[in-house]
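Laid out below as structure tokens are two forms of one and the same protein chain, each shown alone and named structure 1 and structure 2.
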Structure 1
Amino acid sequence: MAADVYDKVFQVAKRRGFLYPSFEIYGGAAGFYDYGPLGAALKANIEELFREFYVTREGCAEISCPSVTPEEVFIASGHVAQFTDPMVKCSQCGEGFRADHLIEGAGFEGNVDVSDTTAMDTLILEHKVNCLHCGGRLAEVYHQNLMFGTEIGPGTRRKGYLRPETAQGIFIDFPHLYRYFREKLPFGVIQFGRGYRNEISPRQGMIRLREFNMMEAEIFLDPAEGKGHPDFAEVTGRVLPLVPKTTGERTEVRLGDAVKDGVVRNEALAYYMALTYDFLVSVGLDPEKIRFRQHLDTEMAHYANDCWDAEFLSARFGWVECVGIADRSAYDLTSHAKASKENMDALRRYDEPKEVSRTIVFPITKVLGPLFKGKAKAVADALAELDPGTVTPEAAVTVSVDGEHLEVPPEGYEIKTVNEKVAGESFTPHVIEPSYGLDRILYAGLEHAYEEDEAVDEESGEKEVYRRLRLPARVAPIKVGVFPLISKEGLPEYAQTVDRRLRRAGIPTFYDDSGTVGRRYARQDEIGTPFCVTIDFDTLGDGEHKDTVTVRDRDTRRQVRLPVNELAGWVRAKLRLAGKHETVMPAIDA
């Protein structure tokens, strides 16, 4: 089989230090990858770009929560019950398999309904599927939870899981975050970090990892305000390639119309789809190989009521999800409020406080004092907490104080109606979630950036493959290759000073004085370095090119000559994003 682009990308990625299979000296483990020096730099640059989009531009706050999480959180979130894949074990050797994969592998051409274990049992019988390992009979299909389990505190039996998404840490901090944002909606919070999914049998290399890197944003908003976005007007005219669930067909439609026609459920979803598109293009994905596919009702996660996946087209894997933009509605905050009995609501403030009348159980402290002494205050508080509807007027009432039941005589309280000023009404915010799979985005960027030509080796004259990664300058791990034309007569010393100056200015470089300049260009082109600087004799001379260097562009292969003192500024200008993300701002007078 000829190597496809996936193999070619991985061959470069491993040889040059982007990606290494994890634990390779121990035979490896499916579903895990290491980022090597270039990969980790690329990853950090993509994270920085996400910060620029979501923190600098959108004004989100970043938080960071643990990956080990007590079971209660995932019972409430629904993951203990519903974060599953259909699994079937061999009744003979005990080997486990993904039931739907087995059925598909046996030639079944329909859609396997992974929620229906009985249907899968039937399909396994019909297609005479046996254990792939020993040929034995398969037992019944069941839903296997995919969270990595662990124990918090050795020997305590307090169950914990590795988080399957970073989102839950943000949700359970909502009361803190709401205060941080001075109790005003909408606001957004992001989190970077590892997510974990204990796949039954991971396939597809980097695409399906057991431990992966996420970048998630949770935007909390008031559903009564229509789930809009303050900058939605800027994107109404944008045309994105959409695949709505109703037709399953790709359609190019203006976002304003998509929302008006109900194809996209609300403005906030549409806005974050546009933002996501811009982000993916900034990372280097081919705009022609991006689309947004709406989840079918049967594939929607348990928490979502609408979801659009940004997908990229991979030569090997076809369309692959890399971002999910979901309307999680009030699902998460409601679930956690119910399970924790904490208030997870926000306040919708009235323009003016309103006067409302309310019936309450009013404690008579001068009666309670002598009666309950040190506990009188607690008894009064307990009375005030009672629902007046549950109290029989003019009868004794029992309250619970520190687990003790105390009987309060009728004269200890009064049921009365009071008028109160109320600042607003409580409601549970809704959440729009753009959730980015960093590893897949990084892989997509590599695949879409990869190109190869046939070239002729300048020394041997033999044909060889010339590889180039057309990564955007902004995300490329190395920004500048620095070469002395030859390795003598003061050129290396000057080149090293240039190299050091660039690095101290925060620009990652690669100094190389080995082999011909052509070889050195090739080494940098292969890892996506956008610019190469060569120091030659003119640089050192006394002529018009004194203290200038040549800068060669990776993609156009054109060269310009620049004063060495302007080099860092020139490179930095090239690293800025084009268009609306520009860091150059209009003058105040404008």
Structure 2
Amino acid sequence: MAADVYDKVFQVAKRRGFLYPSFEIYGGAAGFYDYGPLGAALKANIEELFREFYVTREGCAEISCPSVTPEEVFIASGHVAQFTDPMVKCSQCGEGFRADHLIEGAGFEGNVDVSDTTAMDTLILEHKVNCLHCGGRLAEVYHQNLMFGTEIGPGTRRKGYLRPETAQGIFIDFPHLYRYFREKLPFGVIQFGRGYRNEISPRQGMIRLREFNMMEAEIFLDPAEGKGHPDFAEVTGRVLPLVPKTTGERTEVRLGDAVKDGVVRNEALAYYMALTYDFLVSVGLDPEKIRFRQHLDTEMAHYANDCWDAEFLSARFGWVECVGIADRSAYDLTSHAKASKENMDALRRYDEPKEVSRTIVFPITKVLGPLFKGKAKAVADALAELDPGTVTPEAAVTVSVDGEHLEVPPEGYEIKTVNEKVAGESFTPHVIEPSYGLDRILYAGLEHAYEEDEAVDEESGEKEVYRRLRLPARVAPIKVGVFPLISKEGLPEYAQTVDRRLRRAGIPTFYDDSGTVGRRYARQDEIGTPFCVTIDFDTLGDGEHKDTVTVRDRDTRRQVRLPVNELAGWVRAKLRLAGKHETVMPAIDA
């Protein structure tokens, strides 16, 4: 079978140092890849562009949290109970598979309800789905939790997990972050980091990994303000390709109309969909191969009340999710507040403080002191936190202090009404989350940038396939290839000086003096280098081209002659302007 684009991209990626299969000398392991020198540089450039979009432009803050997380966090978030995929095993060889993927692969054209194991069992029987390895009969479908478990600390037996997403660290830090932002909403926080999911059967290369890279933003806002966005007016006229859950059909829709008609739930969701589109195009995804698909009710994550996936079109895999933009409402902060007993609220401030009356359980300290001695203050605090509606007047009350249940006699407290001035009312913020799968975006950029054509080799005269990655200059791992025309007569020394000056100006370069200049151009085209500089005899001569170099553009193949002293400034200007397109904030490339 002829190699498709996926195979060709991976051949280039492995040969040129973008991606390597992990643990290859030991037979490899499904769901893991190493980033080689060029891949690591490309990944870093994409991360830096994300910072430019979300930190510099949007004003988000960046934090970094541990990957290992105590079990209590994921019990509260719902991941322990609900972060599962439907799994089925072969009753003969024991091989495991994603049940919904098997059903879809058997030609089922409907939507598989992954929450209904009985329905999936029926579909497997109806479509005569058997083991892909031995052809054996499949057992019943069940749900498999995808988190990697571990223990925190030797001998402590405290259970933990490798995080399946970076979001929870941000939610747990909300009280600190709220103070950092001077207790004003909305504000956003981003985090880069590794996520870990023990995927059942990762057979799609970079599309489905067990250890992967995420770029997530959590935007905290006040639901009373309608989940608007202060800059929504800038994108209301933007047209995006949407696939609403109500129709399942692609349609081009103005974002203002999509919000007005209720297709997109609120302005904040719509704004970050527009921002996501701009980011993906800046990375190098083909605008004609991007769409936004709304989650069906049967596939919605347990924490979301609406979600749109930004998907890219892959030659092999069809439409693939690479970003999820979810309205997580107040689910996470509410869950962690309930589980930890910590305050996760914000304050909606009044124009002027108001005097309000409220009923409290008031501790009588002169009674509690002799009774509870060193624990008296803790008992008093526990009483003050009780809901008066749950306390029977003139009856003993039981409170919990450090895991110990203590009984407080009726004379140790009283129910009373107090008047106090309050600055505002407490509420739990809602969250809009754009969550980016970095590995998928990087692969999509490579696939959409890949081009090839046949040309006659200047040395052999034979036809050869020339490959080119049209990566945007902003994210290309190498910005400039530097070549001496030939490897003698002082040209290499001058070229190395040019190479060093460019690198010291902050421009990543690759020096190459092997083979013909045509071969060197081809090698740089194949890794996406946007510019190549050649030092020739005119550079060293005494004529009008002394101390000038030839600069070749990867995409147009046009060449210009520039003075060496102007080269770094010219390249830096090109890098800032490369890939300019309509954006939410056009000043990004200014």
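Quick note, the numbers are simply positions in structure 1, starting from 1. Bear in mind the structure is a predicted one, so any value in this text is a computation, not a measurement. By rigid core we mean the largest C-alpha set that fits within 1.5 Å across both forms.
Enquirer: Which of these two, 1 or 2, is the form predicted alone?
Expert: Pick structure 2; the other is not the form predicted alone.
Enquirer: Would the C-alpha of residue 363 be classed as shifted by 2 Å or more between structure 1 and structure 2 after rigid-core alignment?
Expert: Yes, the C-alpha position differs by at least 2 Å between structure 1 and structure 2.
Enquirer: Could you check, with the core superposed, whether the Cα atom of residue 224 shifts 2 Å or more between structure 1 and structure 2?
Expert: The answer is no; the displacement is under 2 Å.
Enquirer: When the rigid core is used for the superposition, does residue 152 move between structure 1 and structure 2 (threshold: C-alpha shift of 2 Å or more)?
Expert: Comparing the forms between structure 1 and structure 2, which are aligned on their rigid core, residue 152 does not shift its C-alpha by 2 Å or more.
Enquirer: I need the CA movement of residue 407 between structure 1 and structure 2 once the rigid core is aligned, reported in Å.
Expert: Residue shift at the C-alpha: 8.2 Å.
Enquirer: After superposition on the rigid core, what is the displacement of the C-alpha atom of residue 134 between structure 1 and structure 2, in Å?
Expert: The alpha-carbon displacement, core-superposed, is 5.9 Å.
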